[in-house]
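Next comes just one chain, in structure tokens: the form predicted on its own.
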């Protein structure tokens, strides 16, 4: 299976991207939430709300949150959907430490949450063990995306659903041009100002630019074996929520 450099989309050893992601997110973990809020002008909350609205989660479900980071998706789903349990995972221990601190402060509103460092390209859970998988801003940072999606399909129960929030491509040409300028100049500016790591955010902007558009990601999901793949654009297509189902 070919792996890529997530900054360019070109073939490269997986270690290049995996080590870069660990380095960047371990150093910015404690300031990541502030960056999200400022750089998206608060829009990320609308995207999370949209994700929750589309997630078919009920009180009997066991949910796996991939690339859970500091817990934004986990705690949104906990409060909005009240599942039986959420397994919050991430590649970067420092991000999960922030999530654990939020959990200790009551962020899950009583829903049980466990935390584990997990590489989504090699998920350490049994086949057919989760009802729903959530993932935000995760697949873009994975050098072997087909393998990651295949792993997600494997651990979902038959009929289970993947709900994926990711940066995408605005269909409108003018909006796309403005967004491209924003990615190139303002994301590194805000990132440098808030976290002191401008270069890390140059990478993040490049990874967004190199990532497939809505149709491309949908096709990747179908190629992995998912069916009934749909997506909904937010903020003119800057972000999109894809929903995909494992066959019964």
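Residue numbers count along the first chain shown, from 1. Keep in mind that this is a model prediction, so the values were computed, not measured.
The same protein also has a form predicted together with a small molecule, omitted here; what follows describes it.
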4.5 angstroms heavy atom contact with the small molecule in the predicted bound form for residue 132: no
4.5 Å heavy atom contact, residue 119 to the small molecule in the predicted bound form: yes
Classify residue 214 as contacting or not contacting the small molecule in the predicted bound form by the rule of any non-hydrogen atom within 4.5 angstroms, answering yes or no. no
Using heavy atoms and a 4.5 Å limit, would one call residue 224 a contact residue for the small molecule in the predicted bound form? no
Can you tell me which of 98-106, 78-86, 124-132, 140-148 lies within 4.5 Å of the small molecule in the predicted bound form, counting heavy atoms only? 140-148
219, 240 and 244: each with a heavy atom within 4.5 Å of the small molecule in the predicted bound form? no
